[in-house]
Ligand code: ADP
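Before any questions on binding or motion, here is one chain by itself as structure tokens, the form predicted on its own.
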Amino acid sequence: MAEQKCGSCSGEGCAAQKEDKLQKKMGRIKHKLVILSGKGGVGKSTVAANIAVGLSLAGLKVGLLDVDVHGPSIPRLLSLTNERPHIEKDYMDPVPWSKNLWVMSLGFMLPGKEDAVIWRGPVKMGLIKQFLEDVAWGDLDFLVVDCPPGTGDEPLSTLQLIGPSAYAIIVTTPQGVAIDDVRRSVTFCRQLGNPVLGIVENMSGFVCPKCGEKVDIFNSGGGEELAREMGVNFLGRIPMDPEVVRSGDEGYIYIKTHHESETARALGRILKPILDMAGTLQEGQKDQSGQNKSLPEVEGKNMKIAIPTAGGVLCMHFGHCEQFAFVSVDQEKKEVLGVEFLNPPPHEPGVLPRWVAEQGAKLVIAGGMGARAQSLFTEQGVQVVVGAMGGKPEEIVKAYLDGNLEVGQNVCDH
């Protein structure tokens, strides 16, 4: 794609305007994650899709961009193969997957399944730039970019266009033939000046769904050893699971439908440091007034806030609490109107979030909560704050209303 001049300038002004447009568009996205691998067939797109959906289920605004020009698989993984983006002269609308996740891929624009894309490097870079600056992403918490394997045109263009603010997550499988290629991906990121958030070891052993025994089909530990060798974080291992293959073929997202499996728990552990990146759970996220800018705002004058308690004070994990305190508040007057303690139902998947929503709560403040549980609350229309310190429910809620609730690390590792 050749650069077109407007006819009223030499071209340098137009180029500067385009660069400014890209910077402004990227400036509206808080965090950029580029999913890379030096080796094909390691499940990189599956990891990218599950990360994007996991973040969206946690209540974050997420864009998922597929820049695999020759083998776009994101539309199939998300069951969006028949969707088409709305395209105007100077912008494109991404395809919505949910109210929190929007997707763009060249796969949406190919006429048929058998059509091959035969493009050289400059054309690929032009398309990726168009996807970054012309797609109406809006304000996002995360943009997750799924790149094809290797260190060629697509990952190079993506990192160069986004710049050093993009973090790389590098996916590998445990065997040496993959590790050798993935090692080059770490060097590639360092040469471009992009930080590596960490390495994910996919297909790390097989867990029998009947007996639970783990068998290391491709060995295990190669990704962790590489992370140690290269001095980067190891985000975790994902075991092989036939349901992951089935979910990709049939177009449903594994992390949403199999949240109690060992593979889903592994994905949850990988999501935890990414959720921490968002700054919603971190201590010290203050605005200029000294208030916690991370605390969510809940609409409504009168509402209920749920606090998991043990012995009348905050329980550090909501699933282990003795009672829930439902604190009624007047948000306008910043007053606590009353507190009601209720015994929760048994702690089973999805039960507590639904029960808390049925009590009329719009917000849960907890010490610790896993990523999947947070997503289940979000699906029920209940916002979540984690990392709160111990104390009486009324004191915690009053601090929230005043905007000075201190929150630290999420103490849950689930």
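Note that residue numbering follows the sequence shown and begins at 1. The shown structure was predicted, so the numbers you read here are calculated from the model rather than taken from an experiment.
The form predicted in complex with the named molecule exists for this protein as well; it is not shown, and the discussion that follows is about that form.
Looking at Asp241, you'd find a heavy atom of it within 4.5 angstroms of the named molecule in the predicted complex.
The named molecule in the predicted complex is approached by Gly41, whose closest heavy atom lies within 4.5 angstroms of it. Contact annotation: Asn100 falls outside 4.5 Å of the named molecule in the predicted complex, judged by heavy atom distances. Taking non-hydrogen atoms only, Thr151 never approaches the named molecule to within 4.5 angstroms in the predicted complex. In plain terms, the part of the chain that comes close to the named molecule in the predicted complex, with a heavy atom within 4.5 Å, is 41-49 out of 41-49, 379-387, 353-361, 59-67. Note on the partner interface in the predicted complex: the residue among Asn202, Ser157, Thr309, Asn194 having a heavy atom within 4.5 angstroms of the named molecule is Asn202.
Shown without its partner, this chain lists Leu342, Leu337, Val215, Val245 as candidates; in the predicted complex, only Val245 has a non-hydrogen atom within 4.5 angstroms of the named molecule.
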